[in-house]
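In structure tokens, one chain follows: the form predicted alone.
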């Protein structure tokens, strides 16, 4: 994948382009036909109905892996002789439970399972960033696949897909617990006096809408930047033995540091979900 035929810019662009399936736009040789885009420009021109196949494949696959691993721990659970995997899963569950107890003041049986799912699933998707950027795409190229991004959370479609359901849950519980009047009152009558409700509504409305944006873009931005650094380090391997050796040291150091980043980003996304749902579950005053 990092052959001499690719320039530095084309190498970076290639690794940042998803395997996208959609309808070719007007003006293209295959206009009106459905197929895979061969460049980021083609993918962007395909519009809303194009789908990033690699993001969907890896995100769903890792979700299935998460369910299978935790199901295995549940089926083989033993009180007398717990396995190492069972102890690890129980530790994660206790960690999530403590986080929910510390941040969620109400009673909602959905919050803890949702927090567990988001944390583990996002962590697994982030963990793909530690796989060398060229290995899996190179194997895919042998099978005729032109582009392949293996880190789903470097795709804003995936991070928005995670944040929007949380946002809809916040709206649902806000209206369910506070009522339509109470929910509207929070938006229109705070923080300024009631006669300034247009200003309040504007400020609180913008704040409300900004939540899913910041929720998703924070995760996307950090993982995208991390992946970009790995790609830049990979370019050093083509600059001779000395530069390649230095790149290897940089890659090792960044990978070790990146373990903290991928864990922290999963934790932040989960914690914000708990906090948003806690705010939605509090009675209006």
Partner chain sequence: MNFNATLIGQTITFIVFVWFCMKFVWPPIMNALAERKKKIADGLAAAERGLHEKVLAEERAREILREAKEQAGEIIHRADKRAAEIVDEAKVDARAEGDRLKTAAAAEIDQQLNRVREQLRGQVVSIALAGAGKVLEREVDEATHGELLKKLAADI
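Since the model is a prediction, treat every value here as computed from it, not as a measurement. Residue numbers count along the first chain shown, from 1.
What comes next is about the form predicted in complex with the partner chain, which does not appear here.
Chemist: Tell me which stretch of 80 to 88, 178 to 186, 137 to 145, 198 to 206 has a heavy atom within 4.5 angstroms of the partner chain in the predicted complex.
Modeler: Answer to the contact question: 80 to 88.
Chemist: Just to be sure I understand the contacts: of 260, 242, 60, 252, which is the one whose heavy atoms reach within 4.5 angstroms of the partner chain in the predicted complex?
Modeler: It is 60 that has a heavy atom within 4.5 Å of the partner.
Chemist: Though only this chain appears here, would residue 265 touch the partner chain in the predicted complex if you measure heavy atom gaps against 4.5 Å?
Modeler: Flag for residue 265 set to no.
Chemist: Taking any heavy atom pair closer than or equal to 4.5 Å as contact, tell me whether residue 47 reaches the partner chain in the predicted complex.
Modeler: Yes, residue 47 sits close enough to the partner chain in the predicted complex that at least one of its heavy atoms falls within 4.5 Å.
Chemist: Please check if residue 233 has a heavy atom lying within 4.5 Å of any heavy atom of the partner chain in the predicted complex.
Modeler: Residue 233: no, not in contact with the partner chain in the predicted complex.
Chemist: Find out whether any non-hydrogen atom of residue 71 is located within 4.5 angstroms of the partner chain in the predicted complex, and reply yes or no.
Modeler: Within the cut-off, so yes.
Chemist: Listed by sequence position, which residues of 133 to 165 have a non-hydrogen atom within 4.5 angstroms of the partner chain in the predicted complex?
Modeler: Residues within 4.5 Å: 155, 156, 157, 158, 160, 161, 162, 164, 165.
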